[in-house]
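Presented as structure tokens, the chain that follows is alone, the form predicted alone.
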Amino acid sequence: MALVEVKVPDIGDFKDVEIIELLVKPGDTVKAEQSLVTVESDKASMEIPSSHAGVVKELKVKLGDKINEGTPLLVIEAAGAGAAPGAAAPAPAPVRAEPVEAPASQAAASTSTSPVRTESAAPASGGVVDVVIPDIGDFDEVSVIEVFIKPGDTIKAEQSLITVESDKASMEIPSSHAGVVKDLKVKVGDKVKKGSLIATVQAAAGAVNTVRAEPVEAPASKAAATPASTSTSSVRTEGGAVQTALPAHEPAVLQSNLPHASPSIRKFARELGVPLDEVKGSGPKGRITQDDVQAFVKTVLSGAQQTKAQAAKAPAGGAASGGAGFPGLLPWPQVDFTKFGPVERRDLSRIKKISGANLHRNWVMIPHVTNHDDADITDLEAFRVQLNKENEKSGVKVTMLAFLIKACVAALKKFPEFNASLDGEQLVLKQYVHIGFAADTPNGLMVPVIRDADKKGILQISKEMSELAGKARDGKLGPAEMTGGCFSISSLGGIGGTYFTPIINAPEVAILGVCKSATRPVWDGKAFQPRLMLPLSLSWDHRVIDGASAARFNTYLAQILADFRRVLL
């Protein structure tokens, strides 16, 4: 292994640019051309890629530093190098930093170029001209993702006509002429390249024949893949008009309110139907991140927010009534119920407002699957009754829910993926076992949490359950007593029912629903015997758990409840 100093490569006409993001830290393993830092000038943001693969040993820069070509960024223990530490490293392949995006607030600077003249100029008195794709750098066969015009539209010179996107950048293609659109030659999804015909335009007299092809942004993961073009070149149309492509790293000047986000984030937002111009960015310089888009989705689905399109279309009160959603969903029906008879209006309780929004989010965001099974609790119920008689003087009443909590502890230890939470693309496996149980109160459903249930016995769990349930009914539960749960149990045993689908309590990945036990005839191999059977309904997150694991969990849980001695194993 050799220690290699990674320096800032040729970044074009940029000097003393400021570091606004550090994308790696000592100990990280990086690949060649992986982005290391993000820098920003008054003209553009760009990510600086690594010239080598290996392990980061030392960072030479920090946030706010000003850097130039040749500035040392970090020291890497290069993978696959055989030279001794400090020896000269093999010359890396040329790496260029590619502009990522420029926020609209910085759309001021531009780079001057000399126009390149073709055989003839555009007619001074106007005429039908072809508007084509200018030189857009080292991009070929890019996809049209947006079309901003239609036949009959009056457009200005440099007005955006379409947006194209490759795997490296998004850019808007402006018009070389002012005039009226006669015919549109492209549609969303078409592949275009330099010289492809966009539209024919009835040019206005004295139209300016200058074209700016400006990348709007490039995703961080691919910022080093292709060099940004800064040279100028001409594109000749059939009419011989001069069309000069300007440098590709200018800020977007055509749309002053362009959201500050990468193409990958734009694509993600389009797939979800999220209007990016309504999302507030939390990244550097207001950049919109994936977390920002996901947070916007959650607030809209919960009814806490509406998009502008929904607010314009939906009747007043649609969001509050549960009609909030994404474009394409029908608005919540607005009905004058008094037309059909007398009514009474009552405000939802504070708890129901909060829990309702959470339940809505969890049901929509989590792919629920529910397994149903039955547990034979004949012997366990007999033991519970006997235990309560023996401990009658202690004042602690043992319920079946206490045994269920202890049984779930054993199942969670045997199947640890159920004692987990999903965090992005990582699974957080918990080394503790906190069990939540649903408590029915006059104000609505609450879920107190029994902490460290794996370290407590049945009597202690029963006592804590009684205390927490009492606090819940009195409205005295603190936030700390309702957070940190790993797994929840929703029991309808005291009410009735057979099976149901409990909604997972995010960020948990499973929940157990329990209904009222009933005596049923069960075949023992020779005859039907009366057995007390407890219905179990296990809902689980299919992103984390598969059907086979869920079936094993439910089966194991039923076995423990049938013979509680298994808890000791």
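Residue indices: 1-based, along the sequence shown. All values derive from a computational prediction rather than experimental measurement.
The form predicted in complex with a small molecule is left out here; the points below concern that form.
Using a 4.5 angstroms threshold between heavy atoms, Ala439 counts as touching the small molecule in the predicted bound form. Mapping the unseen interface onto this chain, Gln305 falls outside it, with no heavy atom inside 4.5 Å of the small molecule in the predicted bound form.
Interface residue remark: Lys516 is counted as part of the site for the small molecule in the predicted bound form, having a heavy atom within 4.5 Å. In the predicted bound form, the small molecule stays beyond 4.5 Å of every heavy atom belonging to Asn358. Relative to the small molecule in the predicted bound form, residues Lys397, Met465 and Arg473 are all within 4.5 Å by at least one heavy atom. Scanning Asn362, Asn419, Ser490, Ser160 against the small molecule in the predicted bound form with a 4.5 Å heavy atom cut-off leaves one residue, Ser490. Proximity to the small molecule in the predicted bound form, defined as a heavy atom within 4.5 Å, holds among Ile145, Leu459, Ala469, Ile149 only for Ala469. In plain terms, the part of the chain that comes close to the small molecule in the predicted bound form, with a heavy atom within 4.5 Å, is 430 to 438 out of 362 to 370, 430 to 438, 291 to 299, 179 to 187.
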